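Take a look at this single chain, the form predicted alone, given in C-alpha cells.
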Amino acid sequence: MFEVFEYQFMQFALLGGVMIATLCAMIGTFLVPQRFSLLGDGLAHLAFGGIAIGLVLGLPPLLTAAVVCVIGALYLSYNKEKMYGESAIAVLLTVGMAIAILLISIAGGFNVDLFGYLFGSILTITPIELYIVLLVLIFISMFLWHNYADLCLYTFHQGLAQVSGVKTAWLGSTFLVLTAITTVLSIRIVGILLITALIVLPVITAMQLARSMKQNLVYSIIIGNLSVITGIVVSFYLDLAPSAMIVLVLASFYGICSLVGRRFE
C-alpha cells in the first residue's frame, strides 16, 4: 500500500505538490475575497504565451513565463483602477493565448509535449524546481507574516486601508507579482487549464467551515494539501492523470464541506 513512497519521482511529486498547494492556498485566501478568483486563470493563459516565447527563443519556458506573468501582474496593478478587474483579466487571458497561438503557428509546432504545460506534469518535477518552490514558499510566507494585518485590511476595504496609512499601491502590486509567480509554479502541478481550481477551491471550501480569516487560511492550506496528496496517490494506483484527480478531489471536498457547513448553520 505504501509502495508509492518508495519511488523517488513520487517523493518529489508529493513534496512539490504540498509546497505548491500551500502557496496557492495562501495566495487564494487573500485573492478570492477581492473578487479576483479568475486572476490565476488569466495569468495562466498569459503564461502560455510566455512559454511559447521561451520555446521559440530556446530559453527555459517557465522562466520566460514568469517574466511575462510578472509584467502582466504589474499591468493589472496599474490598470485595475481604470477598468473593471474582470476586464483587465480578460485582456491578459486573450493576449496570452493570442501570443501562444501565433508563435506556435509561426514555428510550425514545437518538438515538446505541450500537454505537460496545459494539464500539468507533477511526476517529472526536478530537485532544482523543488528548491525554487521552497525559496518562493519561504519568501511568500515571510511576506504574509509581516504584512498580515495590512493585507487583511487591504483585501476587504482598500479605501479604509489607504486612509489608515497602508501603502496600498506597493502592497497591491507586490501581492499581484507574488500571485503571478505562484501561478507559474502551479503549472507543474495542474497545468495552465486547471490552475484556478488549485487557487480557488481550497479557499471557498474552507469558507464553509471557517469563522475567521486565520481559520480560513489554515483550513485552505490543509484542504489543499490533502487534495494534492490524495490526488497524486490515487492517480498512481489507478494510472490516471494526477492534475485531473487533484481537481476532482478538491471539488469533492468542496461538495462535502458545503453540505456540512449548511447543516451546522
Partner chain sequence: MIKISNLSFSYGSTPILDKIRIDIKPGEFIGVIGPNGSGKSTLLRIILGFEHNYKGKVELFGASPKTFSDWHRVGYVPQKVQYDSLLPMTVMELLATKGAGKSCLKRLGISHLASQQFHSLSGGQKQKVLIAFALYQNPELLILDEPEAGVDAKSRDDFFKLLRKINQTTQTTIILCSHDVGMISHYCQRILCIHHKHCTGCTPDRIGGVLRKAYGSTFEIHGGHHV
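Everything numeric here is computed off the predicted structure, so don't read it as measured data. Residue numbers count along the first chain shown, from 1.
The same protein also has a form predicted in complex with its partner chain, omitted here; what follows describes it.
Although the partner is absent here, S141 lies well away from its partner chain in the predicted bound form, with no heavy atom inside 4.5 Å. Within this chain, F156 lines the site of its partner chain in the predicted bound form, having a heavy atom no more than 4.5 Å away. Looking at T64, you'd find every heavy atom of it more than 4.5 angstroms from its partner chain in the predicted bound form. Although the partner is absent here, S121 sits far enough away that none of its heavy atoms falls within 4.5 Å of its partner chain in the predicted bound form.
Though its partner chain is absent from this view, in the predicted bound form it lies within 4.5 Å of a heavy atom of just one residue from M207, I222, V234, L38, which is M207.
When you look in the predicted bound form, the only residue of S87, T94, S164, S105 with a non-hydrogen atom within 4.5 Å of its partner chain is S164. Looking at 235 to 243, 192 to 200, 211 to 219, 65 to 73, the stretch with residues near its partner chain in the predicted bound form, meaning non-hydrogen atoms within 4.5 angstroms, turns out to be 211 to 219. Relative to its partner chain in the predicted bound form, residues F9, G116 and I128 are all farther than 4.5 Å at every heavy atom.
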